[in-house]
Ligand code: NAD
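Quick heads-up: it's one chain on its own, the form predicted on its own, in structure tokens.
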Amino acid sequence: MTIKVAVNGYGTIGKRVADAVSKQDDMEIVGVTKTRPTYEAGMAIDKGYDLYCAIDENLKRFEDTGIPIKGTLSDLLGKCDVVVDCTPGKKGAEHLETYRKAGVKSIFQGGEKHGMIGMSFNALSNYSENLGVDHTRVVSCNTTGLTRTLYPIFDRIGIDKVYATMVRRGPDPNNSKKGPVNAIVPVLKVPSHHGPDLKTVIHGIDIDTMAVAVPTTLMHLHSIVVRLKRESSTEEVLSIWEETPRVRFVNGGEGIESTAQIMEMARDLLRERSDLNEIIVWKDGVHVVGDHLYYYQAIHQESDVVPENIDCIRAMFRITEDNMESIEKTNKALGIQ
């Protein structure tokens, strides 16, 4: 069974999802959309993707620039089994009824509200809940990061309470219109949205989150304190994470002391676009004291959700009902640890 996949929104996440789908042997890209004839539209065509105009009114703009398109979004929806919506946050949910009327399944990203879609997805924690569903959302990059490291602890040791602070990058590296440029901006609403979002994929977890935005474009960083159900040890926690897919250790003692060195590591690994789909944990920054766990992790906001979208497609079409089978298959295709 080969699933025909459309990507609505060939931007930061969309182009990565399209490339990831193209590397799978059980799915194929049948087209991607752009709203405007940007350089990314040309790159999509260079990669061999069929390009469609996301907004009917912009058809003439593509014609005027000579960028060949195959039609509109409605044309593309007639050729796919599922559409991965990678449009800007809060825009995707506006398309839900369009996808329903077209009779295609749809996957949204973390910028959309859980309540608008009705389901959320993480491959590790709630794959089975998404088997056969028609519409769901992959939780945000930060929530994906929290889930990857907290769920195995929640499952194996038990968690009484989590306190987490998100140190958020300002814009993505390609965004020159957003700050902060020279400030640290606290998110004054408590809890930040990350805690409630995590509860959509780890049911029963008690977590409070805060967030600040800082002037960097590289990664997010999390400072996390966990009160465990029982006393544990640093060794036990590390052994659990060593068995957890999409978690990668680094060491400050080996010179990786910041997100800058992490991204340099990604370049040295020759990762495409310098992407790190894994969640990065400082091994020498993990400490367990009695029943309290303390650790730091870094999130590459442009890429950690990409493999989740692939696994989500398999769950929706029941290609496999075993989440670990899907995770292993996706990881092998994408070269993920």
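In this text, all values refer to a predicted model and were calculated from it rather than measured experimentally. Each residue number is its position in the shown sequence, starting from 1.
Note that the form predicted in complex with nicotinamide-adenine-dinucleotide (NAD) isn't included here; everything after this is about it.
Of V83, L221, L150, C141, which residue is found within 4.5 angstroms of nicotinamide-adenine-dinucleotide (NAD) in the predicted bound form when only non-hydrogen atoms are counted?
In short, C141.
Partner-contacting position among G78, G179, G253, G89 - heavy atom within 4.5 Å of nicotinamide-adenine-dinucleotide (NAD) in the predicted bound form
Exactly one residue meets the criterion: G89.
Heavy atom contact within 4.5 Å of nicotinamide-adenine-dinucleotide (NAD) in the predicted bound form, the stretch among 168-176, 117-125, 152-160, 207-215
Partner-contacting stretch among the options: 168-176.
Counting only non-hydrogen atoms and a 4.5 angstroms cut-off, does Q24 reach nicotinamide-adenine-dinucleotide (NAD) in the predicted bound form?
Contact check for Q24: no, nothing within 4.5 Å of nicotinamide-adenine-dinucleotide (NAD) in the predicted bound form.
Contact label in the predicted bound form: I13 to nicotinamide-adenine-dinucleotide (NAD), heavy atom within 4.5 Å
Residue-level check for I13: yes, a contact with nicotinamide-adenine-dinucleotide (NAD).
Q301: touches nicotinamide-adenine-dinucleotide (NAD) in the predicted bound form, heavy atom cutoff 4.5 angstroms
Contact check for Q301: yes, within 4.5 Å of nicotinamide-adenine-dinucleotide (NAD) in the predicted bound form.
Hey, in the predicted bound form, does Q109 get a heavy atom within 4.5 angstroms of nicotinamide-adenine-dinucleotide (NAD)?
Yes, contact at 4.5 Å.
Using heavy atoms only and a 4.5 Å cut-off, decide whether all three of A6, N277 and P307 touch nicotinamide-adenine-dinucleotide (NAD) in the predicted bound form.
No.
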